[in-house]
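Each of the two blocks below gives one form of the same protein chain as structure tokens; they are labelled structure 1 and structure 2.
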Structure 1
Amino acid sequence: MVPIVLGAVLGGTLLGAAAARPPAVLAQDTRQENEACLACHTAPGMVLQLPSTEVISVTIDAARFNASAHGRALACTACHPANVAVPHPAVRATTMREYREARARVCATCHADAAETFGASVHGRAGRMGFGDTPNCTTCHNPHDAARVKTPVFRNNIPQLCGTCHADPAIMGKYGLRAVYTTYISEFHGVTTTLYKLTRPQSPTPAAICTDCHGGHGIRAASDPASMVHPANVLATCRRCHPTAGRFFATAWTEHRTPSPDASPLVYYVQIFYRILIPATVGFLGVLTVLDLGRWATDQLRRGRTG
């Protein structure tokens, strides 16, 4: 049995009728309809369990939803038209993947441009090929908290969001990719973003995050000539933040590889040099300081005895 936890007491006709109403009336009706839904769906622990045994939380944070772009403009039934009826009809999806694909089709009814761009991306094409672990709309966006995408917090968390998959060697290995997340967060851009996330979460990181260099909905494989990080395009991408970058600027990029004798050897040996030089310099100065203090203490003792 599918324990669908229901809420929502919704009445009236939806988008077609609402579109003909004055905006003020629409906002009032929308608010009333959403309040009816939230009367049930703010209860903690509400879940929808699919036949696959996968569980979806259907508890909504009312404050965050009402502050979101969707909460300010749409009735719940704009995305869940079947749920006008109470009890709600059973969900047709049998797996989380099917459920998310159905949600993505709903997103596309308003976000057609983004859906088209995503469909041409490496993620969109992999999804159409049947790879179940590729992301779609709701993997990266919470439709009940849609305002967050424009906030500094969302920007500062994008590397962690991408890292959900791109830090997993098992998922990346399946597609012949490297798990680049760990390397990214150890690089200058990643370190800066992590510091902003920890110390200034309300300020957007000025350092490049994943989507700045790879795109958002339109991410393509690096080998694709249309990719922002294709060898022919990467310098132009760098110059979006570094407008004075010279023609060899992009050659310093390690392509998210951990420097080694085989990958970015110059960077690797410079790192080795500094890992030796810095401790050696600090140690040498420490020894000199200890010797100098020893000499000073000895002189003080001698003066005390002769004085």
Structure 2
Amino acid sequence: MVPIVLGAVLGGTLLGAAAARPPAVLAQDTRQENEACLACHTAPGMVLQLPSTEVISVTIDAARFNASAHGRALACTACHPANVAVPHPAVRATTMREYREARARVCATCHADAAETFGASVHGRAGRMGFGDTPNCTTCHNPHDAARVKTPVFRNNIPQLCGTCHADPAIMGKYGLRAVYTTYISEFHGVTTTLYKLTRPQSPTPAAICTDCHGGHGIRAASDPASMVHPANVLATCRRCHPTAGRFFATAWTEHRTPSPDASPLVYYVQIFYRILIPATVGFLGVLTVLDLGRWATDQLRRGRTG
């Protein structure tokens, strides 16, 4: 018992000390080393061309990099060890895909948990199976950028980030998926998120974004029983934000489908109702108004002639 208490006290003290530590500041020599790299790599338009003719920008925005989590803690050579030599040795990757996969292995040296979770996700599995469109670390995260994951800007931009692929019917069609981006944006959550992005970019949207319901690194196919949006789990997922949601709540979600006679027919028929009622009413009222004005004008003319 005593060792546990002692351990807890000690651990707590250490944690408190860690939390009280000032933010990581680069050692003097590391800073000088990074400045040496950035002396060239801030020049605009620097690119690396792969044998596949794909082009990678190697220009770094120094201000954004220095403000980013990596820029405040790491030497450039921590992730790019081969590039200590100048001129840099040739890149072994022949395609963008190979290049990204090599980058992902670098990420995994520190971010092992995220890499493991991602490896088990639908994106990670499909990538290992060789599907070319699947994302990995650097598809969604720019290691040189200050827009870190916990910032409101990053959160409010997630639908667009996912939409890079999930708004594209050509990519989605290959996997039997719908391009869900547009329907999300026109749903209640998407409207709120868009409005936050447009009018209050520094405030995180309170409405659900893709990752809130689907998960981030660990995202699964909706048909996977482990998926947060699997029919068996979806109500529990709703209740993470709507804790008082009633048992029929999940059907309020139209599954990113455009309402049709087959998908959310009630919504579809309400749409049809107004699509008929609005022009019919406006037409009827408009015609009566024009007739009324016409009668008045005719009377004026007649009065003018006789009087």
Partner chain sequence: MSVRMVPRFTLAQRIEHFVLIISFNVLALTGLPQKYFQAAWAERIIQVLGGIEQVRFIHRTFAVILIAEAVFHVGAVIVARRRGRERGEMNVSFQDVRDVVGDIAYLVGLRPTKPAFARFDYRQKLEYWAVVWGTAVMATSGLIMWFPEALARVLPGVLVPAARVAHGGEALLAVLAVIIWHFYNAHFRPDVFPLDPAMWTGAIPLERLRHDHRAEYLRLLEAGLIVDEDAAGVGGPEDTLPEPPSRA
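C-alpha atoms forming the largest set that superposes within 1.5 Å between two forms make up the rigid core. Only a predicted model underlies this, so the values are computations on that prediction, with no experimental measurement involved. Please note that residue numbering is based on structure 1, beginning with 1 at the start of its sequence.
I want to make sure I have the labels right. Is the form predicted alone structure 1, or is it structure 2? Between the two, the form predicted alone is shown as structure 1, not structure 2.
Would the C-alpha of residue 281 be classed as shifted by 2 Å or more between structures 1 and 2 after rigid-core alignment? Yes; residue 281 is a residue whose C-alpha shifts (by 2 Å or more) between structures 1 and 2 when the cores are overlaid.
Based on C-alpha superpositions, what is the rotation angle in degrees of the smaller rigid part between structures 1 and 2? So the smaller part swings through 18 degrees relative to the larger one.
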